[in-house]
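This document opens with one chain alone, in structure tokens, the form predicted alone.
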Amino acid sequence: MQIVKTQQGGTLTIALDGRLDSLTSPQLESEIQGKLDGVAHLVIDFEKLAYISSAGLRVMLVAQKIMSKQGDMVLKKVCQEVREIFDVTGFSDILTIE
């Protein structure tokens, strides 16, 4: 999985490319844990993400918990397959998906 981070002021955009699963979720978690200081808006771009597993969902929860204390988080360009996973697991009620 590839992770591309872009920051403009207080907005950090993280674009994901590939699969977010048990093998790749530690990589994303290390990009988030302790590295969101000063970030008021976190945007996670799912346009090129083909799959998310329960390990990836856990990382989304970690990011949401951090951002709920200092700003907001939004998931953008979520494909139908990943959106269905969010719907079935109830994550679509917890996360902001555009």
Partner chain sequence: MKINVQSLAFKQSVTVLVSISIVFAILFGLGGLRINEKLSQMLLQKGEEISRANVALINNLFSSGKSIGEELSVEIGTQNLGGEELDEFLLHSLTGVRATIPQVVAMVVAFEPGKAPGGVEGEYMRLAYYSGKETSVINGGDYGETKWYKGTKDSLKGQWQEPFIGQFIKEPIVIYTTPIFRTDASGQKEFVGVLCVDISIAFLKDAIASIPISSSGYAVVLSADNTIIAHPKNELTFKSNFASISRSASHKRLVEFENAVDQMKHGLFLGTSVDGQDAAIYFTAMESINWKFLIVWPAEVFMEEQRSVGHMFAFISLCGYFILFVIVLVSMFRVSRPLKAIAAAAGKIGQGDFSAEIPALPGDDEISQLAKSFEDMRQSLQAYFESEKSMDRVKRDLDFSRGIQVGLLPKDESEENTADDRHALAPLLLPAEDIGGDFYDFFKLDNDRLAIVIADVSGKGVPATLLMMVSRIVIRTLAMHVDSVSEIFNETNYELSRRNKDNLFVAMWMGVLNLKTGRVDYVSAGHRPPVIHHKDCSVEFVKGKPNLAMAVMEESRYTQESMTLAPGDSLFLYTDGIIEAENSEGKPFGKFELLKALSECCEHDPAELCKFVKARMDSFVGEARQMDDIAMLAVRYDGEKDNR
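Numbering follows the first chain given and starts at 1. Keep in mind that what you see is a predicted model, and the values were worked out from it rather than measured.
The following text describes the form predicted together with the partner chain, which does not appear among the structures shown.
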> Just one of Cys79, Ile85, Ala15, Val74 has a heavy atom within 4.5 angstroms of the partner chain in the predicted bound form, so which one?
Replying inline: Ile85
> Quick one: is Gly90 in contact with the partner chain in the predicted bound form, heavy atoms, 4.5 Å cut-off?
Replying inline: yes
> Would Lys48 sit within 4.5 Å of the partner chain in the predicted bound form, counting heavy atoms only?
Replying inline: no
> Ser54 near the partner chain in the predicted bound form, any heavy atom under 4.5 Å?
Replying inline: yes
>> Ile97 versus the partner chain, in the predicted bound form: is there a non-hydrogen atom within 4.5 Å?
In response: no
> Using a 4.5 Å cut-off on heavy atoms, what residues in 1 to 40 are near the partner chain in the predicted bound form?
Replying inline: Arg19, Asp21, Ser22, Leu23
